[in-house]
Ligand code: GLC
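One chain comes next, on its own, written as structure tokens: the form predicted on its own.
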């Protein structure tokens, strides 16, 4: 598979589910608890004996992802706390040697592969148990031990579980936040590390968090267009700081918000990776299940507008770098077919402006019914008539528009010309 084919396949998948699960899940205060509360490593390690997720929890994660309409998953194989969810020759601090004494990564891979989902691994470069991460000059032997663990464990992950589609590094920043990305990459020996990964997994997609630019950018809690590479926007269902399980989470996003983020990512040509933080026993709380099932129901009816879609330059809800916006919703497209994803239904008429490509046909995606329209070649104004007064879909109604060619945004040579008609 060449680079273009690899990236196209990943892009066509569009939507994935992120799973943050580890010792931090037992505390119910998020994945940064060890560091944010400065819990000594030996004290924190005592949690490992109580790590006992219920059998079949990975199958529940996968079943939930499938119900949500996701095409791939990413699991935290080891977070910053240093506890690995897989067997390792380079660390005894694992789920195989403590607590449940099970390889959770193996369970996840087997379940995801059986369900036909593409498989992603998250791996944190930093490990709070190593003084050499925080003070490398003061503890050089600890730094070297950390690097040995990283190279050994990444090799294990890339060797022991069959074909892996995605590798998502994290924790690549320096402890004092004084260095730039090239210095991060030098610290982690990222070029050497990633060369090893690609030798073992030639078709893998790697993110940019080792400090070295690779295949994708992975911004958090925001949907945006990539600068030089494709973007995968990573987001929590709840508060932005709650990747791992937090017992009380007051700010759950609505299903409408989640679908808006997904559609916006699609309009900008990127992917959307939506996180769940399983409970201590590995189960998924109802607040997450309910929202993901609703998103999955919408995707089932409107799959054509999302999977395999392409970047669309027609005016959307909030495209970065543009003053223009369309209050009703953004567009996606497939070749010469545009999909207007309307979240704020305007009643019997819908109007889009600066549409620079002739329109041939307008239908409602849900039922295929045709609707009358006018398109003005001079102004680029598209008016669609006789639509239902109430939104056909309470979450997001999709109007399918067939164009004579790839839909283009019309340029305005005089920004004030529209005022006088």
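Positions refer to the first chain, counted from 1. Just so we're clear, the structure is a prediction, and the values are computed from it rather than from any experiment.
The form predicted together with alpha-D-glucopyranose (GLC) is left out here; the points below concern that form.
Checked against alpha-D-glucopyranose (GLC) in the predicted bound form, the candidates 220, 335, 199, 186 yield a single residue with a heavy atom inside 4.5 Å, and that residue is 220. Only one of 10, 18, 15, 403 lies close to alpha-D-glucopyranose (GLC) in the predicted bound form, with a heavy atom inside 4.5 Å, and it is 18. Only one segment in the set 129-137, 284-292, 144-152, 78-86 has any non-hydrogen atom within 4.5 angstroms of alpha-D-glucopyranose (GLC) in the predicted bound form, and it is 78-86. Against alpha-D-glucopyranose (GLC) in the predicted bound form, the set 121, 165 and 215 makes no contact: no member has a heavy atom within 4.5 Å. Although the partner is absent here, residue 108 sits far enough away that none of its heavy atoms falls within 4.5 Å of alpha-D-glucopyranose (GLC) in the predicted bound form. alpha-D-glucopyranose (GLC) is not drawn, but in the predicted bound form it has a heavy atom within 4.5 Å of residue 234. Although the partner is absent from this view, residue 371 stays clear of alpha-D-glucopyranose (GLC) in the predicted bound form, with no non-hydrogen atom inside 4.5 angstroms. Interface residue remark: residue 375 is not counted as part of the site for alpha-D-glucopyranose (GLC) in the predicted bound form, having no heavy atom within 4.5 Å. Using a 4.5 Å cut-off on any heavy atom, the one residue of 198-215 that reaches alpha-D-glucopyranose (GLC) in the predicted bound form is 209.
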